[in-house]
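In structure tokens, one chain follows: the form predicted on its own.
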């Protein structure tokens, strides 16, 4: 009896090649694979659900349009995270540019009493502490601890030297310890 062959899921590089050959379902698979991680990176960077959704959509749109620039043999995750990070930076820069103008449609994003009460939960406290970090530390913590990326990939995504990534990660952890008052926090 011949062995039963199980069809393995195509690798990211194969999906890129299939997309470039005109298979739209291949890119849809990439989007499905990375949508959640890209959104989480955008949300952690922008602190706004709608902005994060828009940045996620923008990142995948830019990735699709620039797919021919993807280098075979590279990691698709590193490439899409870099695109996402730069899209978020563009949005943050636009925010700073228009910070003096009034946007009445935006609600006050400061935590209210209800959020402060909920913050007793370790997980919520940790996430709030991460959100309080400066953007450069928040992004490194998000990529390393929450998304499990390696130093090399983070350095590539952010366009930073490896030593800077390690320094940012060390300083982020130190700030988190101070923010959390040296209490033990378990990420579940």
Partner chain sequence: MSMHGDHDWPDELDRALLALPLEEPPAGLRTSILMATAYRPAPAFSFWEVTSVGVLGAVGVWLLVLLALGGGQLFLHTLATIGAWAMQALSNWTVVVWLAAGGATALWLTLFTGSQPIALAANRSTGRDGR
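Positions refer to the first chain, counted from 1. On a predicted model such as this, the values are computed, not experimentally measured, just so you know.
One more form of this protein, predicted in complex with its partner chain, exists but is not displayed; see below.
In the predicted bound form, its partner chain lies within 4.5 Å of some heavy atom of residue 43. Shown alone here, residue 156 lies farther than 4.5 Å from its partner chain in the predicted bound form, counting heavy atoms only. Under a 4.5 angstroms non-hydrogen atom cutoff, its partner chain in the predicted bound form lacks residue 166 among its neighbouring residues. Contact annotation: residue 56 falls within 4.5 Å of its partner chain in the predicted bound form, judged by heavy atom distances.
Proximity to its partner chain in the predicted bound form holds for all of 25, 37 and 127, with the criterion being a heavy atom within 4.5 Å. Residues 149, 173, 176, 177, 180, 181 of 149 to 181 are found to place at least one heavy atom within 4.5 Å of its partner chain in the predicted bound form. Figure legend: C-alpha atoms of residue 147 and residue 49, shown here, are separated by at least 3 angstroms more in the predicted bound form. Compared with the form shown, the residue 153-residue 147 C-alpha separation decreases in the predicted bound form, the change being 3 Å or greater.
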